[in-house]
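The form predicted on its own is given below as one chain in structure tokens.
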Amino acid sequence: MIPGADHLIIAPILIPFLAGALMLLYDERRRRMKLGVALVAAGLMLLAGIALLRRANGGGFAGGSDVGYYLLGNWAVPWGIVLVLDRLSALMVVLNGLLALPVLVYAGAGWHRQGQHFMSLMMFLFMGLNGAFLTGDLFSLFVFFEVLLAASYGLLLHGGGQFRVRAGLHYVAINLAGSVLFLIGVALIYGATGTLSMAHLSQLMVTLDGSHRPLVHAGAALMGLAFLVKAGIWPLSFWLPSAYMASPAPVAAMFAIMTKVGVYILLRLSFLVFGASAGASTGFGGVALAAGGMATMIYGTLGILGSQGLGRMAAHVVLVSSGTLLAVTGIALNAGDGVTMLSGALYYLVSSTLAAGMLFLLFEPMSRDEGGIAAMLALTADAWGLEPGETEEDADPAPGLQLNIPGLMTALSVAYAVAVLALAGLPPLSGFVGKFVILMGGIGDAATGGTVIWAFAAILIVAGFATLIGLMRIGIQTFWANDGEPPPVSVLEAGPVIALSAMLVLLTVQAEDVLRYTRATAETLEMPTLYVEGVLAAPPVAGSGEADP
């Protein structure tokens, strides 16, 4: 450890890493202990994220700055690896924690028994996500990106089954191809600029000569393509619905934020490297992001209307959300002032991620009465991955909490309605607030008030109505037009869903404060001087024996 450094910045990475490594020391007979360790780690990770967010929002770092730095190895930028904590990365770390804790509780209903090392893989997934949000250079971004992908491969394939294995292999192949593109893009950028530091690269863009600029553009395009695959942009999103639908419910819920990793990185690099201070490269890729985002929204909308089950419909809802954020990024990148649009998009990012995660958690309980349900959790022995001689009663991690309470199904119906309203963008919930601010910012900006913004507004409104129609159809069939006995629901399943719905309500109630935060975040993105100058000037800690390059 580096004496005098701000170690809290690295806590969201270290906590899940240490917890995951610890759980690898125990075999699968200690599942309850692993569940407890995972819940404690997720709670600490969330608390660390909240503390960091408060500091980023209140000038709590050295010199009263809103941006904090952590030099790994205590080497100065651009030679060393640096973690950077600003408002945007703090928001994403907190969002990861808010989704992770309910997901782990839900997994405690039995999903963690489907295969080996479920909880360890979840911890490494959280570590990779937080690392991708906090890193300040392209090399460690690739490392964390591969960590979260490797963990997601194991999680997706948990439980076996022909459909899951087929979808999982497609997922692995697509993401491996994306990793190759990422590496080629990084190599081109490093060859042209001699740096992998995002801040240093941003500084060099203005003075880059004509012979090197096309190489940087080519490298950025290849890297962007890798992240666009992860974000699910059309036509590269053919793998996503099947993979998300085939995943275990808690894994699919975490995949809702994994899609946003691609969006986050594109948002970060677009405004940091190709923003207003990038000289001849200003706005590079913006048109492609806007067009691709709107095409993805249309594709997701058609998928929602054509889906018959909640799992596939939820996957297309994720595509609509991702397409909306990509389109806003592209439009704002070429706008004279896209602060309002970006602030609404960041608010919408939080709302849509929580709501989509809730849909994936609701998928299994809502489809439980469709036949073939023989046990409390409606999972066959193959899906559970039970060992020979182990019964489903043996697999119950907390028998006292596996209660068939009729009122839980009513509570789930209310939570489902909250998710529908939030995703469709209907008042008074958070989805409406986010979409309203996005449209208000776009239409009010003369630079984007032409054909593009009106086309985007039309697609956004139509997508909202399509989401309402599709999800209400499923809700009516499950909750309100079903005269049969309601299926059994575990407290461990209902609790996380209710908690996520409460978060959406709280997000609506605190909309003014959250929008104030997201607006400050958007202003920092539009003017990244504080980020760039702070990272490049971040000094090594004196007296720690650092090397001088």
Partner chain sequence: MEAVLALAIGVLTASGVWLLLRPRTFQVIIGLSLLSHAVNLFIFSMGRLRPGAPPIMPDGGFVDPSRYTDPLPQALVLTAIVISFATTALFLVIMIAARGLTGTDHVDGREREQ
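These numbers were taken from a predicted model, which means no experiment stands behind them. Numbering follows the first chain given and starts at 1.
Another form exists, predicted together with the partner chain; not displayed. Remarks below refer to it.
K.L.:
Of the options Leu196, Ala76, Val420, Leu269, which one has a non-hydrogen atom that comes within 4.5 Å of the partner chain in the predicted complex?
P.N.:
Partner contact (heavy atom, 4.5 Å) among the options: Leu196.
K.L.:
Considering non-hydrogen atoms and a 4.5 Å limit, which listed residue (Val165, Met440, Ala218, Met472) is close to the partner chain in the predicted complex?
P.N.:
Residue within 4.5 Å of the partner: Val165.
K.L.:
Which of these stretches, 241 to 249, 289 to 297, 187 to 195, 319 to 327, has heavy atoms within 4.5 Å of the partner chain in the predicted complex?
P.N.:
This holds for exactly one stretch, 187 to 195.
K.L.:
With the cut-off set at 4.5 Å between non-hydrogen atoms, does Ile461 touch the partner chain in the predicted complex?
P.N.:
No.
K.L.:
With the partner left out here, check for me: in the predicted complex, does some heavy atom of Phe142 sit within 4.5 Å of the partner chain?
P.N.:
Yes.
K.L.:
At the 4.5 Å heavy atom threshold, is Val180 in contact with the partner chain in the predicted complex?
P.N.:
Although the partner chain is absent here, Val180 would touch it in the predicted complex, with heavy atoms inside 4.5 Å.
K.L.:
I'd like to know if Tyr153 sits close to the partner chain in the predicted complex, meaning any non-hydrogen atom pair within 4.5 angstroms.
P.N.:
Yes, Tyr153 sits close enough to the partner chain in the predicted complex that at least one of its heavy atoms falls within 4.5 Å.
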